[in-house]
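Given next, in structure tokens, is a single chain: the form predicted on its own.
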Amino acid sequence: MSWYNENGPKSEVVVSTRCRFARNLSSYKFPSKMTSDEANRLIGEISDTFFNSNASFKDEFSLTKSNEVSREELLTLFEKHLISRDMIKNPLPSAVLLNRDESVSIMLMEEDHIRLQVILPGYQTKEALKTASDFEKLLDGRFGFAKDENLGYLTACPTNLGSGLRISAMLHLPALTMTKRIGHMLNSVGKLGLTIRGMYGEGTEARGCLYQLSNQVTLGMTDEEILTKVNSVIDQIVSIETKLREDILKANETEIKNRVMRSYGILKNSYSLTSEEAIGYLSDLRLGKALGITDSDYKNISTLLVKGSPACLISEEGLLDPLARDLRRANLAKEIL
């Protein structure tokens, strides 16, 4: 089951957690200096070696090449947080090795030769790091990654030098957003070497009160030190957000309950729903679940968020017309919720 089809620890605030390693092979030029032929050769070498390293991988993983699928299919993977925006924009051939439950995604020829990520539902940073580390060691043992004695792993972007590890969490922060304290939170985490971005990471806006928290510093820190720092901040944010939700409900019970139930009613009874409308109403519904106002399931809310996204409706259901997507999104809401 994918991260959006399962409930995880502390799902009331932490929607998902992800660990990602950036790595480059010492035997190839960096992606920005490679030709299409070289990129295809690297993709073939890594994928063939990967599949041959474990007999079960041929059944567990599939290889998707960017030049063999539509842009909408790539955007669907992006909307599911399984590939990056850089991979879609890359003019050279690229690919992704993806396992059945979509928890492990190994991007090839993104900004770096390899971007290995593990994404899990809820608050599972430790578990995600363990799985990502196991796959990283497997690949390192077969290829040998570019590394400097002083700088650590060499990466296309200097901000990834060192461990090349990013640990992130997608957080639902409606109370911090409603009370306009999110700005203060942004400044506070920045001083700790972390950053908060929109729901799809760097360069995106926060929609539906969904934010991505991740570490900025990878140089001079071990994986465990990064994990400890990120977890410490997640714990603080979860505590603050939870307390603020209780305060908001106590001070404005009628208003909050009315807002949640109206959003639930619209989702359940609409004939047509735009993507922006759905994201906002689903945010209210997730808050209502956390406060005990509704009995909606977090996994259903996340599933509708993903399945109702524009690219997903295009690639999986062939709905090119925006109005047709809005009609289908409304039906999906009825079916899933």
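Residue numbers here begin at 1 and follow the sequence given. Treat the numbers as computed from the prediction; the structure is a model and nothing was measured.
There is another form of this protein, the form predicted in complex with another copy of the chain, and it is not shown here; the text below is about that form.
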| task | Spell out, yes or no, whether the shortest heavy atom distance between Q216 and another copy of the chain in the predicted complex is within 4.5 Å. | result | no
| said: Is L287 near another copy of the chain? Define near as a heavy atom within 4.5 Å, in the predicted complex. | reply: no
| request: Could you confirm whether S270 comes within 4.5 Å of another copy of the chain in the predicted complex, counting heavy atoms only? | output: yes
| Distance check, S239 to another copy of the chain in the predicted complex, heavy atom within 4.5 Å | no
| request: May I ask whether N258, R262 and G265 all come within 4.5 angstroms of another copy of the chain in the predicted complex, judged by heavy atoms? | output: yes
| said: Under a 4.5 angstroms heavy atom criterion, identify the one residue in E45, D297, E38, E277 near another copy of the chain in the predicted complex. | reply: E277
| field | Contact assignment for another copy of the chain in the predicted complex, among D134, D101, D247, E253, heavy atom within 4.5 Å | value | E253
| Only one of 28-36, 45-53, 277-285, 63-71 gets a heavy atom within 4.5 Å of another copy of the chain in the predicted complex; which is it? | 277-285
| remark: Contacts from 319-335 to another copy of the chain in the predicted complex (any heavy atom within 4.5 Å), listed N to C, are L327, K334
